[in-house]
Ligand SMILES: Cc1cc2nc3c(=O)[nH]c(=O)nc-3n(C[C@H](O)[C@H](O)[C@H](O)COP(=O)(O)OP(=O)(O)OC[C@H]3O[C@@H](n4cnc5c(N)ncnc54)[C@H](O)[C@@H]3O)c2cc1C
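One chain comes next, on its own, written as C-alpha cells: the form predicted alone.
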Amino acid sequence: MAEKFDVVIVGGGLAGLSAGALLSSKGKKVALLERGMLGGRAVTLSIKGFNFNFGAHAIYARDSSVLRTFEDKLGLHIDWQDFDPDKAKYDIGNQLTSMPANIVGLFRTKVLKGFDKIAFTFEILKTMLKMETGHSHMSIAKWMENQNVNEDVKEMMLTLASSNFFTKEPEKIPSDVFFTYYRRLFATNKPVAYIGGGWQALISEFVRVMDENHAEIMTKTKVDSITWENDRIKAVHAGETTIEGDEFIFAIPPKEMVKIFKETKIDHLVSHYAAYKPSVVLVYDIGLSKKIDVPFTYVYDKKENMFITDISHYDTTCVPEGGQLLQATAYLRQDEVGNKEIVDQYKEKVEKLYDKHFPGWRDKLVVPRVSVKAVVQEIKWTMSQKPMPVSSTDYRNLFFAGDWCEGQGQLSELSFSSAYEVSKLIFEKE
C-alpha cells in the first residue's frame, strides 16, 4: 500500500523547497519529489575552485522580501551580502555615471539632467506615494504615451525596467506590474542583496529544516502521471512508485506539467501557460586567478543592454584565495534565442565589455562558463502573458508555485511569494 502524506510537492526548486520547509515546520507530513538536482534552475556548480551560480543570484528589495519572512519563521541561516549602490555605474559611452537605483544615485547620475531629472524624480515620488499604480490592461509604454512623458525620462524608465526585469523589451511590461515593483525597490533600504555561499547555501538551509521536521525528499524521482477522483487529486506516480496525499503542490514549470495533466480537467489550463515564452539571457561568467581592482562592482552598458557584476566582491566563498568571479549578462529577444550567429555576436560584445572595464582579464582567465539561453523567469510578464494562478478551481487540493505564478516581485521572489501563499492556503484548510 502506498504511503500517504499531508502534502506532496512535485519539484525541488526554490518554490518547492521553501514550501516544503514551511509546511513541514508546522507539523505537516511532507514528501518532496524532484526529478534531478535540488534547486531547479537555482544551483551552484563548482569548477576549478570557482562556484558558479545558475539562475539570477540576486535578491531584490530584500528587507521586504518574502525570503526574509521564511528566514524569520524557519530560523534560516542566511549570510546576506548587500549590494553597494555607490559602486553601481552606467556606461553611457564615453564615461561612467552613477546608476539611479536609489534616491542618492538619482541625484548623482548624469544620465538625466536639469528638468528631466526633476520629472523623473516626480514619477518615482508618485510611485512611492501610490499616486500612480498603473493598469493591468495597459503596458508601461502606452501609459507613458498617455502621460506625454518626454523621451529622456521615458528612456530612463525603460532602462531601469530592462535592468531589473531582465528583458530587452521593457515597453511590454504591464504598467501595474511596473509601478508595484518600483514602489518596493525605491522604498527599500536594501535594493539588492546576494547570499554568501550562493544558491547552494540557501538550498542546504531549506533541506536542513525539512530534515529536522522529518520531511521525505526523493531525488531522481520524475512524476509522470496522476490519479484523480471527481474534484480531488488522489496520488502522483513516478514510474512504479505511487505517492498518495491530501494536498498537492506542483512547483515545476507548465512545460513539464503538460504530459502529467494530459486528459485531465486542467489540460487546457496547463497547455495555455506552457505555450508562454520565458525571459532568456546570455550569461558569460569568468573565473580569474587574480583580482582586477576597479572602482565599481556593477556596470551596465546602456547601449547594448548588458551588465557585469563582480560576484566575488559580495561572496568571497565563490573563489579561490586571491581570485575573482565576474558575471556578465546580456538580454536576448525571443527571436534571437537559438540563432548561433547572433549569440556569437553577443559573446564578442561581452568580451569587449570585459576588455573595456576589466583590462587584462584574458591573461588571468582560469575558467569561463557561458550559458547561451539561461532562463531567468519561466513566464515573461507582458501584456500578452499573464502569470499562472496559484490554485485550481477544478481540483480543490491542487496548487501551483514558482516564478511562473502570481506573486510578489520578480525572478526568485515570485517563487518564494507563490510558495508562501500556497502554504497559507493549505494551513487555512485546517
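Note that the structure is a prediction, hence the values are computed from the model and not measured. A residue's number is simply how far along the shown sequence it sits, counting from 1.
Unshown form predicted in complex with this ligand; subsequent notes refer to it.
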Within 4.5 Å of this ligand in the model of the complex, heavy atom basis, the matching stretch of 374-382, 389-397, 22-30, 44-52 is 374-382
Residue-level question: is residue 15 within 4.5 Å of this ligand in the model of the complex, judged on heavy atoms?
yes
Is there a heavy atom of residue 253 no more than 4.5 Å from a heavy atom of this ligand in the model of the complex?
yes
With a cut-off of 4.5 Å between heavy atoms, is residue 260 one of the residues that contacts this ligand in the model of the complex?
yes
Quick one: is residue 199 in contact with this ligand in the model of the complex, heavy atoms, 4.5 Å cut-off?
yes
Counting only non-hydrogen atoms and a 4.5 Å threshold, tell me whether 184, 248 and 409 all contact this ligand in the model of the complex.
no
Consider the chain as shown here, without its partner, and state which of 177, 233, 223, 160 has a heavy atom within 4.5 Å of this ligand in the model of the complex.
223
Across 277-303, which residues bring a heavy atom to within 4.5 Å of this ligand in the model of the complex?
281, 283
